[in-house]
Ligand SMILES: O=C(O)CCC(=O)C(=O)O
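Consider the single chain below, provided in structure tokens and representing the form predicted on its own.
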């Protein structure tokens, strides 16, 4: 079945083989989730966020490769947290609806949109390295940790411009890898990172076309390299987690905003079990 046949209104049909890949590998590549015509509306709004025409307060507009004090003109990885909050017209857009159908097919019933995010690497930003991490290291664990994070390539994503990379089999390890803040503590930068030995770990470069997505779970170790190309590498993420997990996050005041109160961030870090370094 080709991409146009898979796109059926709000639905995108995931094959049984792709469902098996997601269960087995912790991530999967889905082709042609959005058509070129459907991407046009995303391009327009995405550009407005990058030009700061849409107001994003505080730390929710930041550089994921630097600290919170860096000037926006010097950002290596432009990160916009919760764009649907700051541009409400995006809520319930076609991408969200198709991603919701994909999350249900891959992770099962009872999945809810937890947060969204824009991540853009500017042309020639060789230091735009998204460090190795596991998403669950940022969150507290719950009884139902099911996650389907949908990562849309708004631009073709390649090794040259910093495509997603996955550590094969890392989601099956008995515990999370040790993580630590990029800049000493979470007040300076939100970013956590872990250690990957690329001579021992098997690394998979997920090169995907514009309009394709990858979907990954909460435990797979992933990251991305710098942008050595002359163009942008833009991604649009919508993450789905179980309804019970989202409800518990909100009860504790955790919204995935970088503007969340420090005590909330600290309490989440303390609640997430990690092996000793």
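Keep in mind that this is a model prediction, so the values were computed, not measured. Residue numbers count along the first chain shown, from 1.
Although not depicted, the form predicted together with the ligand is the subject of the following passage.
**Q** Given that the partner is absent here, state which listed stretch (214-222, 37-45, 54-62, 245-253) has heavy atoms within 4.5 Å of the ligand in the predicted complex.
**A** It is 214-222 that comes within 4.5 Å of the partner.
**Q** Flag residue 95 as yes or no: does it have a non-hydrogen atom within 4.5 angstroms of any non-hydrogen atom of the ligand in the predicted complex?
**A** It does not: once the ligand is placed as it appears in the predicted complex, residue 95 has no heavy atom within 4.5 Å of it.
**Q** With a cut-off of 4.5 Å between heavy atoms, is residue 156 one of the residues that contacts the ligand in the predicted complex?
**A** Close contact is absent here: in the predicted complex, residue 156 is far from the ligand, nothing within 4.5 Å, heavy atoms only.
**Q** Do residue 135 and the ligand come within 4.5 Å of each other in the predicted complex, heavy atoms counted?
**A** Flag for residue 135 set to yes.
**Q** Verify the contact flag for residue 149: yes if a non-hydrogen atom of it lies within 4.5 Å of a non-hydrogen atom of the ligand in the predicted complex, no if not.
**A** Residue 149: yes, in contact with the ligand in the predicted complex.
**Q** Which of these residues, 81, 167, 106, 164, gets a heavy atom within 4.5 Å of the ligand in the predicted complex?
**A** Among 81, 167, 106, 164, a heavy atom within 4.5 Å of the ligand in the predicted complex occurs only for 164.
**Q** With the ligand left out of view, which of 182, 176, 113, 119 would have a heavy atom within 4.5 Å of it in the predicted complex?
**A** Only one option qualifies, and that one is 119.
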